[in-house]
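The chain below stands alone and is given as structure tokens, in the form predicted on its own.
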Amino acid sequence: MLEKFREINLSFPQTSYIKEHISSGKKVIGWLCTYVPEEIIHAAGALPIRITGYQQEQELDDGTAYLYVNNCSFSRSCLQLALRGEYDFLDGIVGGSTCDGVRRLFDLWRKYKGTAFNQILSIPRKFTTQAHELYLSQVTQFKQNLEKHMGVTITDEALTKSIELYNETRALLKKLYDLRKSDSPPISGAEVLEVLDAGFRMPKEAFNDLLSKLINELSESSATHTGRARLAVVGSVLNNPEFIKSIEDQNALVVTDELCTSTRYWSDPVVLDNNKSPLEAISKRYLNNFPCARMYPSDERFDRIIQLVRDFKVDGVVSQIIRYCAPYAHDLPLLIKKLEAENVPILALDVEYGTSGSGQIATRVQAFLEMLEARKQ
């Protein structure tokens, strides 16, 4: 089953699913941030896909010409693809005001490429009552603007069906991650990232079907993965499975992660409540989901990371932060202190988006693994 997910990733952004959706006369909306509610796009009849950059580290001459080099290479990689026409099939782009890099990416995309529909959502940094009211107003405006653009009415019934579909995705991904809690998981960390990447690039109906079959296959499989140490990867956006593989090639095993392309994407379901509208339920879930490093206070995120470390029996944490990714760079010293209090070592890597690893990274991972092994003696 894993090969099917690989095929989707290798063909992105021109996957067969996207082509089929467009050929049937339907729209495709790209989104840039996990604080953008996909359920609203889906309920409108459009296909939501996540905008990512190259899966490998690339020359970013075009992206850097428009987006200065001290913006992260994720933003410049996404812009590079857009400027080269790789995302010309998009009917719309939706972003969130979560960091300066993505905010400027949205502005440049709208100005120099343009799509028929464009919206940026203001995302509060707190979880207060006023913050929830602000975010709900943003989500409501997004729904109204999308309805106007597409000439449809997004009903509560359609939203409820979309919520149920996406909650199924979240439940299936939780089952996949639960398999990684065993001492010898049937799937590697790199393979899990391949599955996650495919989920951003195809309809959730088809993804859920493939994922369900994969989970059944893994549950009955005799395949096992072990390593010198069990690791968690945390930090900036990550789409390249080869980076995880470069760590696992040192005879480590990545058993969990805290990334906006992984755990923070699927962690919490939308909880439907008869006393609230589906839109209110969506709004509450997205603002209260596993927090990004930009959110304040940070304790909620740190507590969740520590719980992951405990649940997955993690020996050490690898922090991969894309150069100039300010939220995670500023967050790292605080995270290190929290993990030190739990007696969990952390290896901090400064990387470029799309990197597959390097000799220097391999050397540092090897040294980290040796230190973890020495602690066990």
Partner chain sequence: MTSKTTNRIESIIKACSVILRMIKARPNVRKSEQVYYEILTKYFTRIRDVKQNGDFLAAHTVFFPTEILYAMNIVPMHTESTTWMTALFTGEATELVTAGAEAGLASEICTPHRGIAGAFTIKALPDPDVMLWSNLICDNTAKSGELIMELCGCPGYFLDHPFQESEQERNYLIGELQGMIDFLQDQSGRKMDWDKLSQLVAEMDKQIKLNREICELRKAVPTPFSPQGFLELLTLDYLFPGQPEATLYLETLRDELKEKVNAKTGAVENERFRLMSLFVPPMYLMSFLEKMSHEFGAVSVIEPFFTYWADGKLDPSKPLESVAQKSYMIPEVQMYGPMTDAKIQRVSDLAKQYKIDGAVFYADTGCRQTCALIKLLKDTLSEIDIPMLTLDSDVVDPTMMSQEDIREKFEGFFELLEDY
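Positions refer to the first chain, counted from 1. For clarity, every value in this text was computed on a predicted model and none was experimentally measured.
We do not show the form predicted together with the partner chain, though everything after this point is about it.
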| property | result |
| --- | --- |
| Site check S137, Y324 and D350: each within 4.5 Å of the partner chain in the predicted complex by heavy atom | yes |
| Answer option from P203, P269, P186, P124, heavy atom within 4.5 Å of the partner chain in the predicted complex | P124 |
| Contacting member of P278, G101, G92, P291, with respect to the partner chain in the predicted complex [4.5 Å, heavy atom] | G101 |
| Contact flag, K26 vs the partner chain in the predicted complex, heavy atom cut 4.5 Å | no |
| Contact flag, N70 vs the partner chain in the predicted complex, heavy atom cut 4.5 Å | yes |
| In the predicted complex, Q130 touching the partner chain (heavy atom, 4.5 Å) | yes |
| is_contact(D107, the partner chain) in the predicted complex, heavy atom dist at most 4.5 Å | yes |
| Listed range touching the partner chain, judged in the predicted complex by heavy atoms within 4.5 Å, from 114-122, 176-184, 217-225, 258-266 | 114-122 |
| Contact set, 332-347 vs the partner chain in the predicted complex - heavy atom within 4.5 angstroms | P333, L334, K337 |
